[in-house]
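Take a look at this single chain in structure tokens; it is the form predicted on its own.
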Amino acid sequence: MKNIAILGATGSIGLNTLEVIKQYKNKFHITAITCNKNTAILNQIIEEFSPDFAVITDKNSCNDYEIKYKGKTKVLCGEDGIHKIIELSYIDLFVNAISGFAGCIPTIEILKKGKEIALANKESIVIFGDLITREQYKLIIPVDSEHNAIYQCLSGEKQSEVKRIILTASGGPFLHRKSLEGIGVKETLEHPTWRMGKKITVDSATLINKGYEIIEAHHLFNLPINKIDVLIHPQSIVHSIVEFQDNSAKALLSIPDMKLPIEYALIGKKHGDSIIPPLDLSKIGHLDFYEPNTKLFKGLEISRQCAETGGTMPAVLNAADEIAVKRFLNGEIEFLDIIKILEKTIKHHKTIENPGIKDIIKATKDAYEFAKGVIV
């Protein structure tokens, strides 16, 4: 039986991971789960799966929960609890579904322990990609649908024969809009194909998310930025494409459901049971592909430029975006102001080349503070 730790168990990826595990009851034991402050859902998970440990990183929420909890699961409070979980030698696989910068340091610590990780926290690679060694990258199974598709398509292939990677993007809710003026929060969160957390849904609408994925693919698959392209594919059936030197291409197709890449990561990089509905192309009828409108959706090119600059710049991009999206969701700024905050924060930053962890953390904190004060 494989021992699993799920970091960020109460979020979208965490809950999908639990759904997959339900299908393989005799194959997995949930050793540990973590959350920030959603103790209501955490408690439901504890009651159903009886993990050995549960970590609540928000200390006030944890203290309140501990007073009421009478079960056998050991409850740990604060971020130190996550570090204690990572130290457990008998965990076979970590699922890192923590969103944002908070998930980055756990990724680094897990990799240093030589443990396998199913990674959904894209910020780990965007921000710290240059600090992760090629040996450590071998321990990562990407859970993003696009990168998992590429991972599978590259299985058994020679790196030298890869011509380019094509990341597919749904285009988000504003694909056919000719103007992004006056867009509100409610319509931004109405994604046409995926059900995700608020932050990643907004990033999908601005195409910043796809920019992050370019940076991820660059590091995960050891390819230069200019060999990674993006195509808009509204049906979200083709999850990404690998093109080879002979101009042939491989793609992974399925209905859009995050349980599929999670299942592939959990059961050991192979195809499992029929956990999602079958793909019926005759009912879908057609698959469309478009070049992204980078003049309207500036986030994609901003991300690509930050990737090419490297150093601390991707960390600054991520920090500025976290703050800008939060300000948008709080009703403080307009949709188009997200890009303005990114541009101003990036322009303000002086890039440090070949940074260490401390340099990246400082650049992140500085960018947070600057982006909070940007007047748009």
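These numbers come from a predicted model, not from an experiment. Each residue number is its position in the shown sequence, starting from 1.
Below, we refer to the form predicted in complex with a small molecule, which is not included among the displayed structures.
- The shortest heavy atom separation between N121 and the small molecule in the predicted complex is within 4.5 Å.
- Shown alone here, T31 lies farther than 4.5 Å from the small molecule in the predicted complex, counting heavy atoms only.
- None of the heavy atoms of A367 is located within 4.5 Å of the small molecule in the predicted complex.
- The shortest heavy atom separation between G11 and the small molecule in the predicted complex is within 4.5 Å.
- Site annotation in the predicted complex: the residue of A249, I183, A102, L287 reaching within 4.5 Å of the small molecule with a heavy atom is A102.
- This chain appears without its partner; in the predicted complex, the one residue of V202, I165, I110, I98 with a heavy atom within 4.5 Å of the small molecule is I98.
- Annotated contact segment (heavy atom within 4.5 Å of the small molecule in the predicted complex): 121-129, selected among 173-181, 121-129, 84-92, 292-300.
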